[in-house]
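Shown below, as structure tokens, is a lone chain in the form predicted on its own; questions about how it binds or moves come after it.
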Amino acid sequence: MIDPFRFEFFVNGVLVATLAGALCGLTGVFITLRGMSYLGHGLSHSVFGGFAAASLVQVDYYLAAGVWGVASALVINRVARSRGIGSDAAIGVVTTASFALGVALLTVFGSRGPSFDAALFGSIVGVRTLDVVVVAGVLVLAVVAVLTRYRALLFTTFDPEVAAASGIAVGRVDVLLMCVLSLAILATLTIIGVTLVAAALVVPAVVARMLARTFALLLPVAALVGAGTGFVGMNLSYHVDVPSGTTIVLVGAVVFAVVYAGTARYHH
């Protein structure tokens, strides 16, 4: 079981998966409580457009995809608010167009960076020390954002109208959350993959809601569940030779099933 830890790429992969799991668990709480689980799915597809653009123009993946993802998040937020268009509709239009553009670019010009399959399903091969640093940095940023804007995030999540009446700039809080979410998806994309990021965001948060009784406890529990599924999933991924994102999500699904079954009697 410890043999894989002799390889640098595997150690980096485990670190990234664990940190990414904690990051997705933390940010996923706000997404699920707002009833916007589709947002994580949509933004992951949107960031894929940046992945393709980075491959095409041969610039750093994190730079191109990061700018692309944050820009998409801001456009979604602006479109949803300015014309009274529902957020789900704005997400559908912007993110699917971005994903389609990414596929078109990779099909026509080919990929000069990380492989197409790795972007879609995640991979532990080629995980660099830079990836560990980026995920750790985004996790620190997310924690700082939550701690410094805790009350504003809490109010806007549960009752945005009361928050606005209380003088909280709801629009700015939404933009902050969208930017943090975009960066979280960007940082975890190569490990979890475009098609599975949404599950990594939602599952730890849902499990935490079944276990935690208060919002303050919900956040660390979701982060711990995410980190645990990331660590276990990455180790299993190596031994069963299944893409890392797939294995991490399946481990999360098993955890969800066990917790759901174990807590079912308390909800009757």
Partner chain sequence: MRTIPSSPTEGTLVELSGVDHSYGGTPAVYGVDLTVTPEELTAVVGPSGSGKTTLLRLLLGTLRPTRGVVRRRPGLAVGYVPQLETINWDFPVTVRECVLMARRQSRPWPWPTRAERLEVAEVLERLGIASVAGRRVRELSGGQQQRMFLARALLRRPALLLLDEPTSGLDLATRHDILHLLGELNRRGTAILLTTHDLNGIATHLPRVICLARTVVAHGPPESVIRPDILERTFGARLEVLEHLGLRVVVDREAGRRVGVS
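As the structure is a prediction and not an experimental result, all values here were calculated from the model. Numbering follows the first chain given and starts at 1.
Note that the form predicted in complex with its partner chain isn't included here; everything after this is about it.
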Checklist outcome for this item: Exactly one of A104, V133, A165, V140 comes within 4.5 Å of its partner chain in the predicted bound form through a heavy atom, and that residue is A165
Checklist entry - Can you check whether R172 is within 4.5 Å of its partner chain in the predicted bound form, heavy atom basis? => result no
Item to check | Partner contact for A64 in the predicted bound form: its partner chain, 4.5 angstroms, heavy atom | outcome: no
Item to check | Heavy atom of R213 within 4.5 Å of its partner chain in the predicted bound form | outcome: yes
Next on the checklist: Given that its partner chain is not shown alongside this chain, does A71 nevertheless sit within 4.5 Å of it in the predicted bound form, heavy atom to heavy atom?
Outcome noted: no
Item to check | One stretch from 93-101, 155-163, 186-194, 173-181 that, in the predicted bound form, holds residues within 4.5 Å of its partner chain by heavy atom | outcome: 155-163
Item to check | Partner contacts in the predicted bound form for 136-158 (non-hydrogen atom within 4.5 angstroms of its partner chain) | outcome: L147, T148, R149, Y150, R151, L154, F155, T157, F158
